[in-house]
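This document opens with one chain alone, in structure tokens, the form predicted on its own.
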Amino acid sequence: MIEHPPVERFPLAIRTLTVSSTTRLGASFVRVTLTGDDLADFAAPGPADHVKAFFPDPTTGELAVPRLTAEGMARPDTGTVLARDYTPRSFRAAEDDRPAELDIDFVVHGASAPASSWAAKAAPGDTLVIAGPRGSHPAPTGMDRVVLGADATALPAVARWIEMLPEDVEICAFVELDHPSDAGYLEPELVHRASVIWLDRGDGALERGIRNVDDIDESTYFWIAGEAGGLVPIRRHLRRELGLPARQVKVDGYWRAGEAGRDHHAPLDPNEPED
């Protein structure tokens, strides 16, 4: 039976980091490598852990960052906080003369969005403020097969899932792409480790892929993330039509079309209970 280990909790931290390099990955991604003394105690061991990154207003250039208090994070005295959640792609602790490094991969989709605008122009020496992770969700245990579903925004988490799962766990990943070159985001060893099915984004391709999964038993786990509206029928299929219990299904709306800065902790469908 699939079981979920307890959440690991970490002290709340706000870290000011420096860009050491940037790398373009396919048509849609920019990898920003960050460094700084604030990474000394960084940890994000779960496959879908996330940090909150804070960005300047694309119009005014003003950066508003919360303050860390005894009660937690407090809003700044002035300015509007512009923050987005990101799964750290990889973290390398300091070793000998090499400083600690954190890679965060950004989907670049125009200059109007604060995160995309910042990432497209990021250069060595620039600063990025992040908070967290406050907690880490370890991968469940008792799985024989994991089915992953994602659009581009969830590809960093897909990569981490593939890297972290034991070799005896079968992995199938359905990934929607905007551009064919984005298939190069996953390193060859990850593609060889899992059965990766690339889909053209839109027209319900991800839903059809998930609906075609068969031989589902109590050791099959589904993790799916992407645009919230398109995930509603997928969650309904898994939880309502197939009757899978919550321990076998995680569907996470990373973003919603037409809604800026959606909190992915919010219910996927406010009209339907999560449990």
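Quick caveat, the model's predicted, so the values are computed rather than measured. Residue numbers run from 1 along the displayed sequence.
Unshown form predicted in complex with a small molecule; subsequent notes refer to it.
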Exactly one listed stretch (163-171, 72-80, 99-107, 186-194) reaches within 4.5 angstroms of the small molecule in the predicted bound form by non-hydrogen atoms, and it is 99-107
Answer key, the small molecule contact in the predicted bound form at 4.5 Å (heavy atoms) among 115, 205, 122, 139: the residue is 115
So in the predicted bound form, does any heavy atom of residue 257 sit within 4.5 Å of the small molecule?
-> yes
Q. With a 4.5 Å heavy atom cut-off, would you call residue 85 a contact of the small molecule in the predicted bound form?
A. yes
Quick one: does residue 156 come within 4.5 Å of the small molecule in the predicted bound form, counting heavy atoms only? yes
